[in-house]
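Take a look at this single chain in structure tokens; it is the form predicted on its own.
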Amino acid sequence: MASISTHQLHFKIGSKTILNHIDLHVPDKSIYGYLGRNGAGKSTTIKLLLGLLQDHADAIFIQGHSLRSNPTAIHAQVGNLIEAPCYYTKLTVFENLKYLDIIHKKGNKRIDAVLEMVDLHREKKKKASALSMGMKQRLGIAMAIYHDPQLLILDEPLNGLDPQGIADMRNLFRQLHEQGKTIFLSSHILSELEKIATHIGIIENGTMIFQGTKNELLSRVERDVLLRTADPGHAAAALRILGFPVSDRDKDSLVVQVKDDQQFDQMIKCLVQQGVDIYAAESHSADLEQIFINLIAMSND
């Protein structure tokens, strides 16, 4: 089942198209990384999912239910952090969550547990206005997860965090994912999304240009394999006959370009059949950042 789905979601401001009939499919219990350049339509999508912009066509469904028809029930199951955390500056960290407790009635134990999760328990008596930027971001995430939602929608949740804070949030997202939560997040820190995302969606100029599992995305790109063999010349000749792009690296190694795991297996079998001794085979794949850049460039050709 999809935790979030949109059916031909379209949005315009005046004559300008911001979202061009996009079909989001966010699987239940996934960590879905939503990528795009500034102005691609990410924030507009998130605002529509949260009901901050109106979907006139009834194209948004959360846990199979229409957002337009069931906004109150749906919002009770969703936690969010959008653009910048919202909190009461004159209240302490603890008091900000205590204020939420008027609605959710989870009690002080839940407040303490959430503050521990986001590593703000030592700051609970500090005024929110006195927090560092990173701590304010942690408070925003604490408020998003306080009522134990099944779905989290987070827009740039790593903003303002130092490397340790980013690592802590990564571990928190994994912990929430293990608890069965669905996490939909956008971030410009692609190296972090590569570490935690199970699924990826990429939007460019309001159009979805990729959607699928992270592994599907990573497997779509060609990668270089560094081969060390006893006879590089013999190996290169055999592989070129099969159409593999091959270049010399040094006297005992060469670089072979393969498209996928099937081609990698074919390359190894060819060398074994030719009696070539293989000392090492090191695969060097493009990372998520490079794949993202390549896809954006291809979509604009």
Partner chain sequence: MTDTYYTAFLSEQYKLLRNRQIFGLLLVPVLLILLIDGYIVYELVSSGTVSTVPNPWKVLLGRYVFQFFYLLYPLLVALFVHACCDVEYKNNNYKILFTLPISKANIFFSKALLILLTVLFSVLLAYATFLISGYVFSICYPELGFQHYDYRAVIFYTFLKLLITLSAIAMLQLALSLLLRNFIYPIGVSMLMLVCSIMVAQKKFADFIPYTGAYKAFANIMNEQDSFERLDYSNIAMIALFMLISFFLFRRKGQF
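Since the model is a prediction, treat every value here as computed from it, not as a measurement. Residue numbers count along the first chain shown, from 1.
The same protein also has a form predicted in complex with its partner chain, omitted here; what follows describes it.
A.B. asks: Which pick from N80, Q150, Q211, S187 sits with a heavy atom within 4.5 Å of its partner chain in the predicted complex?
C.D. replies: So the residue touching its partner chain in the predicted complex, by this definition, is N80.
A.B. asks: Quick one: from R174, K195, K124, H104, grab the residue that has a heavy atom within 4.5 Å of its partner chain in the predicted complex.
C.D. replies: By the 4.5 Å heavy-atom cutoff, the listed residue in contact is H104.
A.B. asks: Does G201 reach its partner chain in the predicted complex if we count a contact as any heavy atom within 4.5 Å?
C.D. replies: The answer is no: G201 has no heavy atom within 4.5 Å of its partner chain.
A.B. asks: Any chance L161 has a heavy atom within 4.5 Å of its partner chain in the predicted complex?
C.D. replies: Looking in the predicted complex, residue contacts with its partner chain do not include L161, since no heavy atom lies within 4.5 Å.
A.B. asks: Would you classify Y87 as touching its partner chain in the predicted complex, given a 4.5 Å non-hydrogen atom cut-off?
C.D. replies: Y87: contacts its partner chain in the predicted complex.
A.B. asks: Would L52 sit within 4.5 Å of its partner chain in the predicted complex, counting heavy atoms only?
C.D. replies: Yes, L52 is a contact residue.
A.B. asks: Out of 175-183, 162-170, 67-75, 116-124, where are the residues with a heavy atom within 4.5 Å of its partner chain in the predicted complex?
C.D. replies: Selected stretch: 67-75.
A.B. asks: Give, in sequence order, every residue of 107-126 that has a heavy atom within 4.5 Å of its partner chain in the predicted complex, or say none if there are no such residues.
C.D. replies: Read in sequence order, no residue approaches its partner chain (within 4.5 Å, in the predicted complex).
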